[in-house]
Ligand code: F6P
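To begin, one chain is listed below as structure tokens, in the form predicted on its own.
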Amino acid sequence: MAKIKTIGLLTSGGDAPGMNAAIRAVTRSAIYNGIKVKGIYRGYKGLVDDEIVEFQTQNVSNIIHHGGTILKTARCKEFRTVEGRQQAWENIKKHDIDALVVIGGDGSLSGARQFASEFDFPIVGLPGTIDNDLSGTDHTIGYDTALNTIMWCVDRIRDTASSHARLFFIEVMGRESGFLALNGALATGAEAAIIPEISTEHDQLAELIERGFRKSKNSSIVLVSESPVTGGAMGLAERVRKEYPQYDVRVTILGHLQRGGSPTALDRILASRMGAAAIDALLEGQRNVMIGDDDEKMIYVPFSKAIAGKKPIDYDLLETLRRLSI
């Protein structure tokens, strides 16, 4: 592979705490190795629209502690078309970009995989998503911060739940993945987590009620993944009102609270290590791989594996939650 002299860097999809730490690490690691960095604003849309500027070390000063992404992010229908990707390719050539680093989730890495295949172009991805749903990595950038935000919120909701002897359904993000709900429930001492991975196997609400989960408690908290498979917090609350009217039920939807905030130490460290590893990967001639975290070691995961399907949850955690909720 030809020597890489210039890389493009973009963030795509939903923002995740720690993305700025990753931007900083990629930029500084590249410059340290004599590689120029072109920052691409608004993700693939900026690649199509030519929102591309050169980044220096000072561009990423004092950003490691900020949530969101200084490169911004946006949806891009044009990139889904052949014409849009061709325009992106023209801009890459215009700016003499030899490789891309893409920070984002499964949709972003799917786009990266397609673009890399069409133009035989080296791309390295970083898993930036609070859902923790990419295969090949123990943790994704932003997941730990979102989990801590959920814990902070639920701790405060529990005060009200206890004061009024209520059943609270708290909806968290995770349209196709229950990692936030399950681990959030464990972290907060919630009575249950209703997640999409097992909603097709069990009527989780009926199982919860039949288990007599409030025999020794005057209030209860259940975390629910926002997935349509689970019915969401509003759908479950409506079922309770109809089928189990003895419960005083309330709903809280955390929504975009989970995306914001200063990243935790774990997310800053993970993002920094992954950003540096992305440059190492390109220097080694790697292409079309995602940087993964395997037992705290940085590994290269082919895009095909990272986005292949649902990352499995640990069913032992569900059993632990059941045991501790009595």
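Don't overthink the numbering: it's just position in the shown sequence, from 1. No experiment lies behind these values; they were computed from the predicted model shown.
This next part talks about the form predicted in complex with the ligand, which is not shown.
Only one of 94, 156, 164, 75 lies close to the ligand in the model of the complex, with a heavy atom inside 4.5 Å, and it is 75. Residue 129 is the only one of 137, 108, 129, 220 with a heavy atom lying within 4.5 Å of the ligand in the model of the complex.
No residue of the trio 4, 38 and 98 has any heavy atom within 4.5 Å of the ligand in the model of the complex. Looking at 114-122, 185-193, 146-154, 252-260, the stretch with residues near the ligand in the model of the complex, meaning non-hydrogen atoms within 4.5 angstroms, turns out to be 252-260. For the chain shown alone, residue 241 is not a contact residue for the ligand in the model of the complex, no non-hydrogen atom being within 4.5 angstroms. Using a 4.5 angstroms limit between non-hydrogen atoms, residue 142 is distant from the ligand in the model of the complex. Looking at residue 175, you'd find a heavy atom of it within 4.5 angstroms of the ligand in the model of the complex. Residues are counted as partner-facing when one of their heavy atoms sits within 4.5 Å of the ligand in the model of the complex; in 226-242 only 226 qualifies.
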